[in-house]
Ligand code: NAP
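First, one chain by itself in structure tokens, the form predicted on its own.
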């Protein structure tokens, strides 16, 4: 299946590394003009832009903390000034602050919610306003199978990602009549910087729980995101799609 996103404008939050990086690259390969959002990793974001532009595609980088309303406003003002539209939003920005419930600090609970859920709310609200003008748009929220499968030390992360699924479904109902499709992708154990500590600590035990018998790659997630961003997914909305090698059902 060939996917053509030529003429589309896409924003990927938290796109300087991992799943966000690969998603930005794959959207660009499909023809989209991509805004690479980052918070602190300017150099890494620049590397993503360079990889995209060297392939003859278009990309921009923009610093913004997605949990900060003012910075999100500046990000979307840039998109309006530069492109005057937004066709695709991928809410990928996320952090982890793992700890057991009784040892978890309130600040770590709040930080995870601020980035993983508040950030998606702020960006989705701005994106939906832009997309409504064209009566079309695709929003893909990157959740986690941690939202549907319990894990020690992740009460904050699991709750925020679970909230993101509910947010996806509620938004999908509101926006379907306006031509905007909103879905969530739930990655399993994907080999990234964020998961490296878990893989190093308990890699063999984790693999035993994955029927596909391998860790996922960022491209496994990016491929699904690109599909959901395309016209081929016009009749899909409000779904939470696990991409985990079968881990959530084992």
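Please read these numbers as outputs of a predicted model, since none were measured by experiment. Positions refer to the first chain, counted from 1.
Heads up, the form predicted together with the named molecule isn't pictured, but that's what we're talking about next.
Novice: Using a 4.5 Å heavy atom cut-off, are 24, 47 and 120 all in contact with the named molecule in the predicted bound form?
Specialist: Spot residues vs the named molecule: no contact at all.
Novice: Just to confirm the contact call: exactly one of 169 to 177, 128 to 136, 81 to 89, 141 to 149 touches the named molecule in the predicted bound form at a 4.5 Å heavy atom cutoff, so which is it?
Specialist: Within 4.5 Å of the partner lies stretch 141 to 149.
Novice: Look up in the predicted bound form whether residue 70 has a non-hydrogen atom within 4.5 angstroms of the named molecule, and give yes or no.
Specialist: Result no; residue 70 lies far from the named molecule in the predicted bound form.
Novice: Residue-level contact is defined here as any heavy atom of the residue lying within 4.5 Å of the named molecule in the predicted bound form; does residue 60 satisfy this criterion?
Specialist: It does not: once the named molecule is placed as it appears in the predicted bound form, residue 60 has no heavy atom within 4.5 Å of it.
Novice: With a 4.5 Å heavy atom cut-off, would you call residue 214 a contact of the named molecule in the predicted bound form?
Specialist: No, residue 214 is distant from the partner.
Novice: I'd like to know whether residue 65 contacts the named molecule in the predicted bound form, with contact meaning heavy atoms within 4.5 angstroms.
Specialist: Answer yes; at least one heavy atom of residue 65 falls within 4.5 Å of the named molecule in the predicted bound form.
Novice: Let me know the one among 205, 40, 197, 54 whose heavy atoms come within 4.5 Å of the named molecule in the predicted bound form, would you?
Specialist: Checked against the cut-off, the match is 40.
Novice: Taking 4.5 Å between heavy atoms as the contact cutoff, choose which of 190, 210, 224, 30 touches the named molecule in the predicted bound form.
Specialist: Of 190, 210, 224, 30, the residue with a heavy atom within 4.5 Å of the named molecule in the predicted bound form is 190.
Novice: Taking heavy atoms and a 4.5 Å limit, what residues of 91 to 111 are near the named molecule in the predicted bound form?
Specialist: Contacting residues: 92, 93, 94, 95.
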